Every structure is written in structure tokens, then in C-alpha cells.
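The data below hold one chain only, encoded as C-alpha cells and taken in the form predicted on its own.
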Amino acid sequence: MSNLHITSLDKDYSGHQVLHGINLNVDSGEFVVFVGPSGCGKSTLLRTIAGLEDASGGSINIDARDVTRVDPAERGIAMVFQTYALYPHMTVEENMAFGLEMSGMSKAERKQTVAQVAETLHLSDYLPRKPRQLSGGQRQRVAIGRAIVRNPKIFLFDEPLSNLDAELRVKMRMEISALHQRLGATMIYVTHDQVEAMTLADKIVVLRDGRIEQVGAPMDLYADPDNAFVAGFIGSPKINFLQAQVTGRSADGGALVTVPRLGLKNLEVKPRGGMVDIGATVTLGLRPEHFGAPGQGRGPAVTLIADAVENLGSVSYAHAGPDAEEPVVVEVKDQATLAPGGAVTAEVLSGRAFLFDADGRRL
């Protein structure tokens, strides 16, 4: 297991800067996920760590060794790509052993190493097969096995599940998580899928436009986002953003806000820290589960008309409001009969709400 320390890392292409002063620590044995929208720089950051891209500035250290200008093969890193990149004319065993052969390992040692890794990945029965004889999930396990046999200091995964169907992606997520637990290895994983990030990571790094927006444990980012971008990117269904105005202060320092979209006045919301100016226009962030069952006395009640309903069994999501592009999404439990056009009454759990300023910063 190894640690990674990145300091003031920059990357530009022909004068266009892609990464801006990245500072990041990855502890030994951590599973860290880079997440963000397309074009945010997450794959470029991963490739720069691997040495496949040259850093324009800053430094990359692995176990206190500066590897910023070190050849990729000398960094002690193994990378698993989105495409399996398996040799079609080789068997599974040959694919997994190829890198070991190139490094000069004896045939007997290669065979033993591959057999051990194949057992870990449940590939022992497939070693004589060619890649075309395997399913997508099996091919991805072979690609992962090819990385494991090298016994790297750090594993890098670049959207490895993107080519799999939804059911197989769920299965492979669980397999990768279990693999991390067994190996105890340091892993860095890139994805645009926040569900993958939430389910796999010890620590999530949220990127936007080549900058780190926030770093933290999955539930810390979910429950305590630094800004509206992080709040909107982490969580499914997406958080509701509602325009509001600060109309006063409560006795214990909370902000009283008017929310026209919900027809609410003097809704008390606790800012993260400090006072919010009276009269300020703010954005109220309410996750779908921040609406509770009526009659509990935990907040003011609102009634909305559901324009669309997602029934998912134990829970439903009502999409309400005249704005079809940005409806208010409300989590509803124990109402399997709810249908479009039906009324949804819920209490607003304002104690769990977020406030953001005009620039999206958390208040």
C-alpha cells in the first residue's frame, strides 16, 4: 500500500489550462473516486498521475518519492482503462501474464502468480479461453487481473464500467469494492456516475473545470456540501434549488426566508455559519427526502400537484410544479396509488435544508 501527494499540479495543452493548482493527499489503502461532469479534468488528472500526460507544473509524490518526471513504467502504478484492451489472439492466462513476461519473470513464477490472482477474481475456469469467449464483466475482470499481477503501489481505474449494461455495472461495483477490501490496496477511480462514487469511495474528489470543488467522505459531501455545484452533483434524485429571500432572523440565529415556489413565508433555515443579511436573495437547497410525511409537526406543510410520478416500490418521487424543466421533486412513502394530477402534502424539514448565495457558495 502506498500514499500519493499532489502539490499545485497544473496541466495545459497549447496554452489552454486544463488542471489548475490541484492539491490532494491520498492515504495508503484509501479508495478515492474522482467525479465530475464531462470535461472537468478527472481523466486528465488520472493520466497525469500515471505519467501518460506530462505535468505543466507542480509535483506528484508516491511514498515521498517525486515521480513528476519519472517514466510511467517506473512509477509502480497499474491502470485499468474504459476499454478492456485485451490481446484478442491470447488466452486469458496469456493476457494476464504478458506484463510479467516482459519484466523477465520466469514461466513457473508467472503461472503461479496468474493462478493466484485468477482464483481471487473467480477466473480460474476461464484461463484457457480467448477474450471473444467471455462476457463483458469477465473481460473487465481479466483487465483488472492483469493490473493485480503486477503488484502495483497504486491502482488507477479510468471509468472501467462505462461499457457494461446497468445490471452488470451494479455487480462489478460490488466486486471491485470487495476486491479493495481483500487487497487493502490504494485505488483511485474515475467516473462521471455519482452513484458509483457514493457506493465505492472512502473519499470523493469533486472536480469542475479543472479545479477541486470539495474533498470528503461520501456522506459528508451529501450532508454538508461546500457549494451548490457539489450539492447538485451528489445525490439522486437531484436536489431541489428554489429561489428565496431572507426576511428576518429567528431568536437562535436562523434565517427566516420566503420561498415563493412553495408558498412559504418565514421558513426558518439554519445557516452553516454566521448571519445572513436580511433582504438578500438566496437559493434554498432541499433534497427530495427533506420533505416529510404530514402530521408529524416537524415543519410547515405544503401541498403540490404531481405532474409526474416515479413509483419505485418502497418509495415514490413526485415531480411537481409548472416548470417542466426544473420541477420540485418530493420523496413520498407509502403512497403507491399516487398518480399524475394527484395532490402531495408534505412537511418541509427546513432543519436539513441548505442556503447558497448568488454565486453558489454555501451560507
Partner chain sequence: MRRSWQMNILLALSLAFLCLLILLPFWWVVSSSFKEPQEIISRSPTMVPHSFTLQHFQKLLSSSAYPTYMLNSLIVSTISAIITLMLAVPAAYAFFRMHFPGREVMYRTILLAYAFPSIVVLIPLFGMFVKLGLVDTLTGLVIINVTFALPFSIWMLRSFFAGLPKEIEEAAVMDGASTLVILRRVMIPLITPGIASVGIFAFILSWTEYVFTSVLIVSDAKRTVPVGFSGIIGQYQIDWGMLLAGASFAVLPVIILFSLVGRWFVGGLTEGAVK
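In this text, rigid core is short for the largest set of C-alphas that superpose within 1.5 Å between two forms. Positions refer to the first chain, counted from 1. Worth saying up front: this structure is predicted, and the values here are computed from it rather than measured.
Same protein, other form: the form predicted together with its partner chain, not shown, and the subject of what follows.
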Look up in the model of the complex whether residue 88 has a non-hydrogen atom within 4.5 angstroms of its partner chain, and give yes or no. yes
Does its partner chain come within 4.5 Å of any heavy atom of residue 308 in the model of the complex? no
How about residue 108 - does it come within 4.5 Å of its partner chain in the model of the complex, if we only consider non-hydrogen atoms? no
If you check in the model of the complex, is residue 50 within 4.5 Å of its partner chain, heavy atoms only? yes
Single option in 72, 237, 253, 136 placed near its partner chain in the model of the complex, where near means a heavy atom within 4.5 Å: 72
Contact residue in the model of the complex, from 199, 281, 83, 124 (heavy atom within 4.5 Å of its partner chain): 83
Please identify, from 288-296, 114-122, 94-102, 186-194, the stretch that has a heavy atom within 4.5 Å of its partner chain in the model of the complex. 94-102
For a quick test of understanding: in the model of the complex, does each of 77, 146 and 150 have a heavy atom within 4.5 Å of its partner chain? yes
Exceeds or equals 2 Å, Cα of residue 266 between this form and the one not shown, core fit: no
Did residue 104 shift 2 Å or more between this form and the one not shown, C-alpha, core superposed: yes
Does the distance between the two CA positions of residue 203 reach 2 Å or more between this form and the one not shown, the core being superposed? no
